[in-house]
Each structure stands twice: as structure tokens, then as C-alpha cells.
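Taken one at a time, structure 1 and structure 2 that follow are two forms of one protein chain, written as C-alpha cells.
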Structure 1
């Protein structure tokens, strides 16, 4: 039996994993999502912002990582609009350009935020940290128009927006470079602005040292971070919460496979040792 399992075609495992992921998405299990300490800290930091505060949000993710970053970005945007904060959105990744536009448009429409007054989307600018550095001098030198080609100087939200000092908070949704490290180095290190970040699960371990050192105030990691924030922000039926159930079942399945593989390995090893000592006795 164990031998058969050891020789099992890996495609059966792919199929089983697909079933384990698809089932809870089709038939939700209703597993609870309990927000963690980091998500609470993130939420409380947004709650502490005074009404009318200006926040810069950078969408540095692409379609491949949309499922992890978009739910948290959307939930935080809605939370900011509900708190009557004003949001200036940018992206340092060309892939993020359309995703940022869609996320902002949806959140603004839902929360009735007025474009140009409560929010603006400046679009993509090439150069990564060079862009961040130039924004520290004058944002209008970097972005002369918004994503749609409209003049920024005529927009009320841009009236008193000069450089990083104009923002009460900077939030970065990132998947690598340009990303959290660049923001920590330039926006935090050089311009001393408070930073919050949301990353994919893969990049979260790289970002945690910045949290530990106090350079990033709070971090949301992967789909779990997004799901926890949706719960805190009171968003019903959010994408991250929907996906978290499937994530939980998939993790159980992967853990089961790891245990099973170890059992097979040690049983096989024991069998070989037994066979070896039997031959020696003969």
C-alpha cells in the first residue's frame, strides 16, 4: 500500500489538490476568520487618521499577484474613504497600471468618493526609487497629468500636495522590487513618512524585518492579510474571505501530504534496514 502511494503519479496529487481547492469555493464551509495582531494594528492606524488626511497609495503589483494584493488594497481604500481621508494613487509597475485604476474606480464608486477631490490616480511612472526620490522634491515635476491626461494643478486634492510631507501616511502594496524596501529607504529613511505595507505571501518574510525594526508600522501578508482586513473593515463577501476557506483546506491537504510522505520515507528506510540486517544474519 505504502509502496503504491510512494510511486503514485504526481498528476493524481494535482487533481486532488484542485478538488480540495474548488470544493470550498463552490460549497462554502463558513470557517471563521480571526484577525491577527498585525492586521488589527494596520486597521487601528487607519482609524487613527484625522478626517481629511491625505494618504499616498502605491499599487506595485501585477495581474499574477492580483488575488493576494487587490482584496487588501480594495478593503483599505474603502476604509480610507469611509474615514473621509483623501487618497493619491500611483504605481511603479507597468502591470499595476490598469489594476490600480480598476480598484480605485470600484472603491470610489462604492463609497461615493469624488474623483479629483477625494481621490486621484496619477498612473505609472518608470524609474522605481528615482520616482520616489523626485516625488520628495515636487510631485508635479514627476506627474504633470493624472492617468487620464487631466491637468493636476486644477484638481482640489492636488492643491496642497507638494511632496512626501503632504501625506499623513504612505501605503505600499508590493510584490518585490520596486516595493517595500524602496519605500523604507527613501520615503521612510529620507523623508521620515510613516509607512504601512501589504505584500504577497512570498515577499512577506522579506518585509517582516522592516516591521521588526519599526520602519514599517504594520504589514498585511497575502490572502490571509486581506481576509483579516475585510473582516475588520466589515466588508461582507470579500474576495479574500472567500478565498481563505479554500486556502485553509489546501493547507490541511498539503500538511497531510507532507506527513504521509514522511511516513512512507521512514517506513521504507526501516524496511531496507530490516532487509539489510536479515541478509547479514544469513
Structure 2
């Protein structure tokens, strides 16, 4: 039996791994996810916002990092809408333009948020740090229309929205530059707005010094951060939780293969030693 497993075509192993990864994505297993302290702090900060608060959310990630950043952005958006907060969305990366639109449209449709009253998407503006500085003077001088070309001055959500002082909270989903560092330097340092952030797992260590310094109040990191927030927000079968389950089942499967390979190796080695001893006796 072990010999047959050792000679098994590797393509069957790859197929089994694919099944192990795909099944939790299609049929969630409901594996427990325990939210950490940082995710709880992020959630409680949103919960503390008064009804009607304005929040600026920046989608500074692209298709390559969508799998980690989009689930947390979607979960937080839905939470904000349930809290009856009003959300103004922007992006400083051209790659994030369509991702931001899709995420906002899906969350708004699910939560029945009214575009122009509860949320608005201003779109992409080139300039990075310069855009943030100019928004500190007058937002309508930077964005005169929304992503769809509609006049912003006629929208209820933009009434009394002048600059960064108009926002109770700023949230940045970032994977590099422009990103968290720019918001800390301009929005936090110059305009003293509270900042929350979310990053990929690999870039989270670069953002944690801002958290330790108190310049970012809370940080969500990678798929794990998104999954923990989905649990806190009561989102069942969310994309991040399903992704975590796929990761977990894949890790268990790989660990099983490693153990099985060692069992086969030592069994074969013992068999060879036994044969050698028998030959020497003869």
C-alpha cells in the first residue's frame, strides 16, 4: 500500500489539493475565527461613531492585492452603513478605481444605502500626497464631479463637506505608496484627523510603527484581519472567512502529505535494512 502511494502520479496530488482549496470557497465549513485585539479595536472605533458621521475611505490597492484588501473594505463599508454613517470614497491609485466602485456599489446595494445621500465615489485623482494637501484646503477644488461625472455640489452628502475637518474618521486601504504613510503625514499630522488603516499581511509590519506611535488608531492586516472583522460585523460566509478556511484546509493537507511522505520513507528504509541483514546472515 505504501509503495503504491510512493509511486502515485503527482498530478493526483495536485488535483486533490485543488479540491481541498476550492471546496471551502464554495461550501463554507464554518471553522471558528477568533477576533484579535486590534480587530476589536477597529470595530469598536466604528461602533463609537455617532449616527450621520462622515467618513472618508480611500481604496489604494490594485487587482494583485484585491484578495486581501477587498474583503476588509467591504466588511467595514457595510458596518458603516448599518451605523448610518455617510461615506465619501476616493482612490489615489489608478488600479484601484474600478475596484473601489464595485466594492461601494455592492455594499450600498446590500445595505440599501442611497447614492448621493449616504455615500459617494469621487474616483481617482493623480498626485498622491498633493491630492491630500489640496483636499485639506477645499475638496470641491480637487473633485468637482464624482466618478460618474455628476456635479458634487448638488449632492446632499457633499453639503458642508469642505475639507478634512468635515470627516469624523479617515480609513485607508493601502499596499504601499501612496498610502498609510501619506495619510499619517498629511491628514493626521497636519489636519489632526483620526486614521484607521488596512493593509496586506506582507506590508502590515511597515504600518505597525504608526499604530505603536498612536498615529493610526487601529490596523487590519491581510486576509486574517478581514476574516476577524467579518466575524465581529456578523457577516456570515464572507469572502475573507472562506479564504481563511481554504488556507487552513490546504495547510492541513500539506502537513498530512509531509507526515505521509516521512512514514513511507522510514518504512522503506526499515525494509531495506531488513533485507540487508537477511543477506548478511546468508
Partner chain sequence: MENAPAFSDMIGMWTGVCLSMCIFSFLYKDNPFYKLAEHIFVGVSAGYWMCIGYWQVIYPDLIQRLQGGDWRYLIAAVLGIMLLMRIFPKCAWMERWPLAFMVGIFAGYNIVYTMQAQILKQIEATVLPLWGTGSWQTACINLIVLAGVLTGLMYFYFSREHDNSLWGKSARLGVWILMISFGAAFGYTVMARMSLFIGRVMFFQDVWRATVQFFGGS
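Residue numbers count along the first chain shown, from 1. Here the rigid core means the biggest group of C-alpha atoms that line up within 1.5 Å when the two forms are laid on top of each other. Remember, predicted model here, so these are calculated numbers, not experimental data.
- The form predicted in complex with its partner chain appears here as structure 1; structure 2 is the other form of the chain.
- Under a division of the chain into two rigid parts between the two structures, the C-alpha atoms of residue 229 and residue 248 are best fitted by different superpositions and thus lie in separate parts.
- Two rigid parts account for the change between the two structures, and C-alpha superpositions put the rotation of the smaller relative to the larger at 30 degrees.
- Its Cα shifted by 7.0 Å, residue 17 is compared between the two structures on a rigid core fit.
- Summarising the core-aligned comparison between the two structures, the C-alpha atom of residue 30 is found to shift 3.7 Å.
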